[in-house]
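Two forms, one protein chain; structure tokens for each follow separately as structure 1 and structure 2.
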Structure 1
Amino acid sequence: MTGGRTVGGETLPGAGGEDADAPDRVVCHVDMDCFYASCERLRHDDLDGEPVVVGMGYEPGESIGAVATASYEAREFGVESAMPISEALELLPRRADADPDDPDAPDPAETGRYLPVDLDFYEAVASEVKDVLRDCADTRREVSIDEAYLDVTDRTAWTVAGSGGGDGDDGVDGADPADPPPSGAAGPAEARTLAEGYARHVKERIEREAGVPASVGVAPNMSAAKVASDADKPDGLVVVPPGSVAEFLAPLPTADVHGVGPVTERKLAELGVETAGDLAAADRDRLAEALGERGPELSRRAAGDDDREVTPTGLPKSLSRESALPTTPDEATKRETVSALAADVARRARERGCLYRTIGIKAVEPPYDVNTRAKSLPGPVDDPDLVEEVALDLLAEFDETPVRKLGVRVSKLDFAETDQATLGGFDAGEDAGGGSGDTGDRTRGAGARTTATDGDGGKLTDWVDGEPTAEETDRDATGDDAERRTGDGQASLGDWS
């Protein structure tokens, strides 16, 4: 775990503004490091430290497809995301083709491991990550399978942590010898903040509970937080307090400014704008002439001015809650847990005024075997007793199975003012639709395609399915970033479901 970086600690807390009494927002950008490769390392111990290439449209032994993720070890050979597999193989041959006894074969030390995309498994691991994020932040914007924004203003603050203040969870107790010392992305930090401690807490929970590393950027706005998360990869934590954003961004190339892609970068260079500092100081009328309304907006971001709020979009498609357990096969413990989760989910659905058409459970066997089961109903209902009844019936399959986590979910939500379906004759133990109701499959190793659930013990919240694969502002109006690569160099394959 690397130490957190804090920039410009002497400005804390806050930097005034139009409303000096209003607290500065604390925004975290969580970006998983080489996420698909990290997921593969969860189930393949022999991949640790190895160059790993995960390909979309790739089959073992073939040379077609494109690179979805290249581990940092593979990048040292020049392999990049979205690169054709055939090109990647020229830079980094397959380990399977290496033969130390054949002088014409590749040197094993200069080969890598190539694996096809297993999105079902990655989504199952992403579900574990999202459990943590939901438990740690009530306000989130989940951008893709490997990144999300959190507004944690109501959980922490930019207050400077005292040498004896804070608690272990926030990681701000300066007297703890295990607490890593601060370092600076732009010079030594003079103070550490509660916000840094909370971000470290989120980061460490992700690694502990989901088993994969993440880099986290913390700043008073979204664009700065995103730049910060890229500033110290992999496994980084960079903190940019209020009043320090412009200073932090100023020396960076314009390509690092959130929303600047290759086409815009070239247009800015033609204007003599090479760094974020240049962009912040540029004449905004001139930028508008060259780039349209995006020009002044990018200049404001480079100056540290970004007033966008972290907001999800659309209505949720499901509500769920799950709880971690000490690994147990005990039937009574499991049934009691599922009953409590079912009651909580049904209560939340009623509070939101929504009906549901599907009831499901999730059972996670150690270490990461994710199982889901679901039952379709003949129509939308609001029936807490039925949620518990169906969930317990589905749980029966796992009566003798040790589990470490259980969850209950209602989905296919209906927020319209429709008549509730009549459930006369509905047998919760059988498929009401004649064979299409059981939507889950029991899988091992590869995981099951699941919808993520709310975090352990945290406030029950909703999440959004169908989030765009990238922020609208990540794309230039010219189609600059239509083929998206994340800051971590991972080609996005779809939504973080």
Structure 2
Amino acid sequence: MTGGRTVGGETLPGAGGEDADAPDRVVCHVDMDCFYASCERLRHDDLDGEPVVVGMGYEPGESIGAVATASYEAREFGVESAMPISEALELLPRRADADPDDPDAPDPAETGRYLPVDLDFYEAVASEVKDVLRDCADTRREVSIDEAYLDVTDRTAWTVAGSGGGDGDDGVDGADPADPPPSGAAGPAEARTLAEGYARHVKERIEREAGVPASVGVAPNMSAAKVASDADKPDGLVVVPPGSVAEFLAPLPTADVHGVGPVTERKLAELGVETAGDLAAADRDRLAEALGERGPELSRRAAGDDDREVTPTGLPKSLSRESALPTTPDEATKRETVSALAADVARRARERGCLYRTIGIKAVEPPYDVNTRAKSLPGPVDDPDLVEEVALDLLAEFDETPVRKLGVRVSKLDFAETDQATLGGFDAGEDAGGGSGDTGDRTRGAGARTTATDGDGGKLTDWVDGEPTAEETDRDATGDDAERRTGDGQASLGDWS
């Protein structure tokens, strides 16, 4: 019954292919417009219409740090994400520096407002956005604080809605979920679909209920929806119906394809592949030679062929912390930095109730040579002292090396509940009466015991792994260590449990 009518006509080579029977899905990609800046506007009325720059590592009045988000007004001055604040200030001086009495001071009309990142506040706003999304779609994947995919196939359809303004008595039956407003439809389709109306409904609800603008892309698959949401930012709504995906993508530069970065773009250009259309049509064996398996995959995406399901965001795979420093070979400075980073990573891991089995560092040498070192433990642990010890140990290799940035990471995470006494039949430690987890370290029964008793530890993985299933691990966000840090349950990588 979801016989999704194809609007853009033309059967496309390759697209659809063998799964012609599969019903077309309706995927929305929701992308907040310069999210941090929009959040700041939400609480500072006077920022409306102003160039706004939100800087990370930025302190008011200083010029260190990097641009996290620039409002569209600020982008007009050339300010971009990831740009050093010092550079942004040259393009767009700070409003506070505009002094009417000083002839050398910048013209206020050519200045902007600079604010430091306030992640807690943005997360609070993001959670209101999530509330809307949860309401609008059963299947969601949150990619970052300001971006999500929704599979709304069962909420709407690719059916063409009544083309007039009023309720046309065309063949379309069923209650349309949202009133398709008459205003400017974007997208290659001439006719409006129910899907478009639904997407508009989602977009308007976000703006109304969370107070921040979003751009939305709608398409029969994830990668096309992603490109669509990007195609008319800010405040865009772009609809790409089944059958017109390849046509929509074809003229775009390869860099617009999700997964094509600077390196891949250059390699593709060397092959004479400049547009998504070129990429779709390119010989896939040649792409594989030049780019590995990713090549043919990118080609399929560019052809509108992407059958990935929208799957809920999982638990994180690693936690890390890094920080830049003035380039230095000084051993004490480096060790202090790594110790602090290690403590922070370990604290975050504990807060999230996760154990880790691999500890690693990163040391960046000028000009920008990234070195990583890692060490795996016999079993999963939660042990801040050990994180520091291993990290410092790995750092020793770089004792003589000048570095500009250092990082610490834990990976091979294990979110099994710490009270999982059943696992090994052990009491998982002595923290029975403890309470607020200030015990030095905790180790899951398995790891602790083996670490203590047998040196080679090699077999441990056999039964440490494979034990926690997805369903079991889902529960982590709810209970344990989250304690007082309420509302933070789905901190940055928000998981929809």
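Just so we're clear, the structure is a prediction, and the values are computed from it rather than from any experiment. C-alpha atoms forming the largest set that superposes within 1.5 Å between two forms make up the rigid core. All residue numbers here follow the sequence of structure 1, with the first residue given the number 1.
Engineer: Mark the structure, either 1 or 2, that is the form predicted in complex with the DNA.
Structural biologist: Structure 2, which is the form predicted in complex with the DNA, differs in this respect from structure 1.
Engineer: Is there a C-alpha shift of 2 Å or more at A290 between structures 1 and 2 once the rigid core is superposed?
Structural biologist: No, its C-alpha moves less than 2 Å.
Engineer: Aligning on the rigid core, do we see the C-alpha of L89 shift 2 angstroms or more between structures 1 and 2?
Structural biologist: Comparing forms between structures 1 and 2, the L89 CA shifts below 2 Å.
Engineer: Is there a C-alpha shift of 2 Å or more at Y368 between structures 1 and 2 once the rigid core is superposed?
Structural biologist: It does, since the Y368 C-alpha is displaced 2 Å or more between structures 1 and 2 after the core fit.
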